[in-house]
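Next up: just one chain, as C-alpha cells, the form predicted alone.
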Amino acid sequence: MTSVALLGQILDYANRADPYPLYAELRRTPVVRDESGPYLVSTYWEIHSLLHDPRVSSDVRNLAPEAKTAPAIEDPDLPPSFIRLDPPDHDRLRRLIMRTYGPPHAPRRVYGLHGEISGIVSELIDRFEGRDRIDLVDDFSYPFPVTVICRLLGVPQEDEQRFHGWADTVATAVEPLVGTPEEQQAHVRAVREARHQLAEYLSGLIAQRRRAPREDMISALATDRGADESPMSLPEMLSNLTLLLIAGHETTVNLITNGMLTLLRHPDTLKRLRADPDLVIPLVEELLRFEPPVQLLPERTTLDDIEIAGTTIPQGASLWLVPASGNRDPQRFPEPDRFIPDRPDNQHFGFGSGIHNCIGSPLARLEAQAALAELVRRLDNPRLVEDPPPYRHNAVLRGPRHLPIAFDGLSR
C-alpha cells in the first residue's frame, strides 16, 4: 500500500482555487493511506463501489478510537442527523422527511416552487439596475437559496437574515479542524453556539406550527404522525431541519457561483446558453461533474475489513472519499478536464450516490437552472474582474467567497 501526504495539501488554502492537479496525483493509486491517518479513495469506480457498500458507515461513533483525531463538533444535546446514521435509523428518518418533501406523498412540494423561484431570481437581478459591477456571491448567490429554503421550510421572511448568519457558522462544521488546539476548541464552541441558537429558534417555530399548521415543510414535519412507524421526535426534527438548512443553502451558493465562474471562463458556452436556454439542463449536470460544490466526503468508516483496488482498509479506519476527483477520472469520463456542456452519459457524483444520495437534488437543480439561465440572459457583456477569485476556506464545500463581475447593462 502506498502512503502519501496529499490530504494536508488538499486542505491547504493555497490550493483552494485549483485542487485538481492534486486529485490527478492522488488517482495514480486509487486507495492510499494519508500520512495523517485517513484512507483516501479518489477513482470513480472505487468511490462508486464504496458508496454502495453496506460495510461503509456514515456514523462516526463506529470509528476506532485511534482513528478519531479531532474533537467532536456535533451538539452533544442533539442526535445525529440522518446523513450521519446507518440503516435502519437512517432509513426511518429519511422516509419521514421524504413524506413531507417529495414523491409519492408530497410530489408537488418542489415543483410548486417553480414560479416563486423565477420571481426571486428576477427580483434579485432587478436590483442590479444602475450598476456596472456586482459581487455575485453577496448580491445573488447567497440571498437566493437562503430565501428559497426559508420559503420551503416556512421561516418568516423577516427572519431570513438570521438564518443566513447561522448557516454560515454551522456549515463550517463539515470542514476539518485546523490550527492550534485552542483555535480548534474556539471553532467548536462557535459552531455549537450557532447550533444552539438555531435549535432554540426552530423549537419555537415548530411549536407555533403545531398550534396553527400552514402549507410548509415545518408544519408537515411537526404534525406528521409517521404512518406505521414512530414519528420524528423534537430533537430529531431539530437536527434534521438544521441539516436541510445547510444542505439547501451552502451547496447551492457554491453551485451557482462555480457555475457562473465556469461560464465566464468559457465565453463560447455562455453564448450558446444565451441562444439556447434549454442547454441549461445538461449544462448544470456538467457543472456538477466539473466543479462540484461538495469536493470531499470525510468521516466515513468501515464496519469490517474491506479489500478494494488491492488495498485492505481495516475495520474502524477513517475513510475519506474524494468525489471531485472521481468526477475527473479519465477511466470513466473522456476528456475529464474539459467542460462539455452537453456531455453524454454524465453519471457524476455531484449529489453523491447510494443510500445517502442528496434528497435536495431536485430543488438544487431547479435553482441552478433558473439562476444561470436568467443571469446569462439579462447581464449584458458580463466579464470577470478577478480570476481566480478569492475562495472560502472550506475545502469540503468549495466555492468562491466573492465573485466580482463587470457588465454593461441589464436586459429586460
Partner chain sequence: MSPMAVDGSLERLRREGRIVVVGASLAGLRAAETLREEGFTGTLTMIGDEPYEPYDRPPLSKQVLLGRVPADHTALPRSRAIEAQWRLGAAATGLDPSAKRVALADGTSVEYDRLLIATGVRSRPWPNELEAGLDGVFVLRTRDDATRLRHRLKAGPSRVLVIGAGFTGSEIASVCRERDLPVTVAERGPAPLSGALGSVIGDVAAELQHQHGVDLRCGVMVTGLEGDGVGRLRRAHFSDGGTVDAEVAVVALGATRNTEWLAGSGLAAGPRGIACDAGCRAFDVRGIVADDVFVAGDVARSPHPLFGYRFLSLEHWGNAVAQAEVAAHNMICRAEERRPHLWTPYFWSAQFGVNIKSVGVPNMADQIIVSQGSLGEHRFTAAYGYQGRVIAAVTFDQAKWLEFYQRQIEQAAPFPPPFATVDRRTEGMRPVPAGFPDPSVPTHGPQVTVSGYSPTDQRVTFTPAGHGRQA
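Everything numeric in this text was worked out from a predicted model, so none of it was measured. Residue numbers count along the first chain shown, from 1.
What follows is about the form predicted in complex with the partner chain, which we do not show.
Among 251, 338 and 348, does every residue place a heavy atom within 4.5 Å of the partner chain in the predicted bound form?
Not a single listed residue reaches the partner chain in the predicted bound form, so no.
Looking at 369 to 377, 349 to 357, 27 to 35, 382 to 390, which lies within 4.5 angstroms of the partner chain in the predicted bound form, counting heavy atoms?
Looking at the other structure, the answer is 349 to 357.
Is there a heavy atom of residue 48 lying 4.5 Å or less from a heavy atom of the partner chain in the predicted bound form?
Looking in the predicted bound form, residue contacts with the partner chain include residue 48, since a heavy atom lies within 4.5 Å.
Can residue 91 be called a contact residue for the partner chain in the predicted bound form at 4.5 Å between heavy atoms?
Residue 91: contacts the partner chain in the predicted bound form.
Taking the partner chain as it sits in the predicted bound form, is residue 57 near enough to touch it, meaning that at least one heavy atom pair lies within 4.5 angstroms?
Yes, contact at 4.5 Å.
Does residue 151 reach the partner chain in the predicted bound form if we count a contact as any heavy atom within 4.5 Å?
Residue-level check for residue 151: no, no contact with the partner chain.
Check each of 86, 216, 168, 135 and return the one that places a heavy atom within 4.5 angstroms of the partner chain in the predicted bound form.
Filtering the options by heavy-atom distance leaves 86.
Of these, 116, 229, 159, 193, which has a heavy atom no more than 4.5 Å from the partner chain in the predicted bound form?
None of the others qualify; the residue that does is 229.
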